[in-house]
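The form predicted alone is given below as one chain in structure tokens.
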């Protein structure tokens, strides 16, 4: 497919309770690469195989959670067009100047009906992945921790997922890949949306409170690496939520755990490739356990109820 509008999830800013403890965790245990610190005290990271300056930003705060999720778009003209579309949808936007985030151009920010702050941007400095752009090796020596290859997606909990779905699909150019239905067989409990050939780039679950984070997700390259990440979590006494296991939705092989502040994160591999003309997959209420955890075919209460 031609990548023209929104290209991919580009960054997420998380609130953490103890900044330096969280820096050590994401650098040494998760295995991200620290790329900078700014005058406001924020710390920037990227996965080793990402070329853009950062994909994760940490900010110390009294309460954990997500400040905003950013998507990279094709160019400045696309940024202008998408901003106009969001405004025509009835949502106000804010322009943030270049440099407000390190190495990042002008951003357009808005709050979607689920209560989450989303932003779009067209430029971020290319800092490379430690390999030459000519005759590169397949990986970089000396990787630490779980060493994911990229920040992949977020699952967000909020109130009006119906209007949010319309905004993402009708304005931002996403398409529905999968959905989970509630007991009435019609209302969508969860939606999985893509702007690329991935099984999803963002997902939403219907929730009584707006603006909540369920998890941020990092991609690994194999099931063996997911199992290794579980070993690393246990060796470092990381609080594991569930896994290793497999999803029915998206088919990803996964493990969920919590950072020191209680923000949930996922390391996963796999998942299918799809296209906008593919028929969305539907999971019914009686199979919701298998949809989320295909091996156990049942949900645990912590996975359902703990959000930040």
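Positions refer to the first chain, counted from 1. In this text, all values refer to a predicted model and were calculated from it rather than measured experimentally.
A second form of this protein, the form predicted together with a further copy of the same chain, is not displayed here; the remarks below concern that form.
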property	result
Contact of residue 237 with a further copy of the same chain in the predicted complex (heavy atom, 4.5 Å)	yes
Non-hydrogen atom contact residue 129 with a further copy of the same chain in the predicted complex at 4.5 angstroms	yes
Residue 64, heavy atom within 4.5 angstroms of a further copy of the same chain in the predicted complex	no
Non-hydrogen atom contact residue 18 with a further copy of the same chain in the predicted complex at 4.5 angstroms	no
Segment assignment from 91-99, 109-117, 130-138, 208-216: heavy atom within 4.5 Å of a further copy of the same chain in the predicted complex	130-138
Heavy atom within 4.5 Å of a further copy of the same chain in the predicted complex - qualifying residues of 274-308	275, 276, 277, 278, 279, 280, 281, 282, 283, 284, 287, 294, 295, 296, 297
